[in-house]
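So this first bit is one chain, no partners, the form predicted on its own, shown in structure tokens.
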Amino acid sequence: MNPLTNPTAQAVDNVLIYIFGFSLILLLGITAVTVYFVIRYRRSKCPEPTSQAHGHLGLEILWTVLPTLIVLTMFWYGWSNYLGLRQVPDNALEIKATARMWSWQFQYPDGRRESKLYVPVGTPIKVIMTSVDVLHSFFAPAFRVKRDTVPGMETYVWFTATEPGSYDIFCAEYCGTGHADMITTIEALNAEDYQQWSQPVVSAEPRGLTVLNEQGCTGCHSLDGSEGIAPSLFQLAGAERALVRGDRGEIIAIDSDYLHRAIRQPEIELVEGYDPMMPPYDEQTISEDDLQAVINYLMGTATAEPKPDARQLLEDNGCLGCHSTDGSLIVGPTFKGIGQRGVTLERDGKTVEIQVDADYLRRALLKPNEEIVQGFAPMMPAADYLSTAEIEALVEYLLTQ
């Protein structure tokens, strides 16, 4: 995005250019005069002062009034543009943003919730923000907007995307262990794409998994058993867990009742070895029906959903434009026989050889540029917009090719 094509970025950039421009002019002017005086009145040429003047009223007025006027214009220009950042256009689309350790959730007027901020191009957007735990800060550098999110208080920013694209959102306030991972994006869509996105969709994944993703739970809890800053949610049913209640330790078998307590009142029973940082999720945040769907999913009792069509996913997402299925090379490795061969990867500056398996394929789909197949360019986009069910369907399909 050209930084001057959206109104909030233009306001901030113009003030910066104005202040920087005057500062540069003054720096160059003062430096030039200083160099001139050093040369013109150096000791070897003028060993004794020749002027007897004790002051010059005109100069004194000039170097007092002129800087004062410059500073006042800087203040006026900055203040008027700041007011523009706080005065939201009347036709703005209001979207609620909830910050928590360590994820963002955006709720639309129709109740839809997303972990990314989807907006239509050309429409002013008002983001009404709050936090459920500690101080966070909403920072979208492409639009030059930054504002703290405060527990128990609503703040807001507004912006208008003038070009389609994906723009980063960061948390600009240190908020704990996962602060650096509290990243999402603004997805600016043209009118046709936004209209299509905003249509109700029937998800192919269990409702419980959808709720976990909407609430940002997977930012702390893994679904595959890997270690993180919070316990993994992999294969919980019947698993034993060491808990701390007050000053007493206890080992329990995980069941539905425990999961209900752990989500509604996580501070009462702490998992041994983990910090007490999970916020409670009340009925305003997760309804009882959605909570039961989450528990059913975690306990493995969710209603089976239709299996995604992996071949159709490859076609719909343009994968076959880069990867062939017949062994020929296009711009990416062929899918033919991928599950029966080894690959040479560039990983963290080192060359490693591995055998292709399900874990590698999941990494290649979700984080393709962390491990680059030798001889190919790092150009594949991440498929993190796909559901877990769709990723697993693709992995299963590719292993059989």
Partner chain sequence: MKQTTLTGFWQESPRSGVLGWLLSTDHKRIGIMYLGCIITMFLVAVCLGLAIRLELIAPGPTIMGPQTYNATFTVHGVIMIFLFIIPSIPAAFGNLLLPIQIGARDVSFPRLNLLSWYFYISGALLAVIAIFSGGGAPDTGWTFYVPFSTQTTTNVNLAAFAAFMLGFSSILTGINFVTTIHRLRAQGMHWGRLPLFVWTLYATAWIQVLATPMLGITLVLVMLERIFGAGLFDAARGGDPILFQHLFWIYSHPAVYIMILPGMGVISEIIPTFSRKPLFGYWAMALSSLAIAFAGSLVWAHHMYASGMSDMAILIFSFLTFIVAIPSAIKIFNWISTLYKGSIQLAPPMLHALAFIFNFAIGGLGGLALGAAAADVHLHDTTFVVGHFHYTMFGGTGFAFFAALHYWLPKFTGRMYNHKIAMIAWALLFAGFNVTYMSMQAVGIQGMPRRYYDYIPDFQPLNMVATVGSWILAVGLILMFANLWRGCRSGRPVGQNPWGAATLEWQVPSPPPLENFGAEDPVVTKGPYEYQGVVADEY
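Numbering follows the first chain given and starts at 1. If you're wondering where the values come from, they're calculated on a predicted model, not measured in any experiment.
Although it is not shown, the form predicted together with the partner chain is what the next lines describe.
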Item to complete: Using the partner position in the model of the complex, report whether residue 16 sits within 4.5 Å of the partner chain, counting heavy atoms only.
Response: yes
Worksheet item: Should residue 170 be counted as a contact of the partner chain in the model of the complex, where contact means heavy atoms within 4.5 Å?
Response: yes
Worksheet item: Could you tell me if residue 234 has a non-hydrogen atom within 4.5 Å of the partner chain in the model of the complex?
Response: no
Worksheet item: Taking 4.5 angstroms as the cut-off for heavy atoms, does residue 43 touch the partner chain in the model of the complex?
Response: yes
Practice prompt. Using heavy atoms only and a 4.5 Å cut-off, determine which of 230, 101, 295, 186 is in contact with the partner chain in the model of the complex.
Written response: 101
Response to the item:
Partner-free chain; cross-checking the partner chain in the model of the complex, the single residue of 93, 239, 251, 135 with a heavy atom within 4.5 Å is 135
Worksheet entry | Per-stretch contact check against the partner chain in the model of the complex, the hit in 172 to 180, 206 to 214, 106 to 114, 255 to 263 (non-hydrogen atom, 4.5 angstroms) | 172 to 180
Discussion item. If you apply a 4.5 angstroms heavy atom cut-off, which residues in 121 to 149 are near the partner chain in the model of the complex?
Written reply: 133, 134, 135, 139, 141, 144, 145, 146, 147, 148
